[in-house]
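Before any questions on binding or motion, here is one chain by itself as structure tokens, the form predicted alone.
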């Protein structure tokens, strides 16, 4: 990362999940400690960079689906990470220029670099923690942009595995779901050990537990499906992320991706397009 003043609250001596992810995606907003941690993880599980890239593609495809086929025009992206290419507002506003997006992350560096998003007035970035959903739902900038009386999409992409069972992640997701209107959607991707190659996921999770403050908790398919309680899971269901409505040639490593992803719809308003 280029030298300069470090924003308040940023500790360049402790690895950050957002900055490690930025490294794997080819970004530049990370410190030496993040590169070292990311390379150590990559050594234990060489496919981890593929996971990051495929997860990012899933994010873009799900947002395009929501904007183009489900008619969603407002998005709450929690655990957004650092600015990179193909952000939510870019994918959504290519379909609907008036789409509104609020990004949420607990890493102060995300807020410090929010200018790099090159957003319009339809986009905001706030610092908050998923473990405190009330703080997110009550935030004035969230309510300035998002109308909770109308359908919206809550995006929890590659973030829930950083929430341990002691924080009751299913209750957290339930509170977010209950705050949304019928016709809203939930997008989840989550690391799992329950697929071919999942032993690598265990190595990564162990590294996070030992070396990264956020830690990491793997969950099996049934536990991940529980996040969609009360929702109708859109076809093709909860699948390895490269297989969720892919629009490009299949990666040779697709079957080894130990991240499951899916999109759920809160009943009460018909889903537009072929997924209805």
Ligand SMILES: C[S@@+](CC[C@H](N)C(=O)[O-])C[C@H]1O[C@@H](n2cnc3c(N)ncnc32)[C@H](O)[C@@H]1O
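The shown structure was predicted, so the numbers you read here are calculated from the model rather than taken from an experiment. Positions refer to the first chain, counted from 1.
Below: the form predicted together with the ligand, not depicted.
The contact residue chosen from 99, 128, 76, 188 relative to the ligand in the predicted bound form is 128, the criterion being a non-hydrogen atom within 4.5 angstroms. Contact annotation: of the candidates 93, 80, 192, 184, the single residue with a non-hydrogen atom within 4.5 angstroms of the ligand in the predicted bound form is 80.
Of the stretches 68-76, 101-109, 141-149, 174-182, only 101-109 has residues with a heavy atom within 4.5 Å of the ligand in the predicted bound form.
Contact check for residue 219: no non-hydrogen atom falls within 4.5 Å of the ligand in the predicted bound form.
Contact check for residue 258: no non-hydrogen atom falls within 4.5 Å of the ligand in the predicted bound form.
Put simply, residue 56 is close to the ligand in the predicted bound form: some heavy atom of it is within 4.5 Å. Though the partner is left out of this view, residue 124 does not reach within 4.5 Å of the ligand in the predicted bound form, counting heavy atoms only. Shown here without the ligand, the chain has 157, 158, 159, 162, 163 in 149-185 lying with a heavy atom within 4.5 Å of that partner in the predicted bound form.
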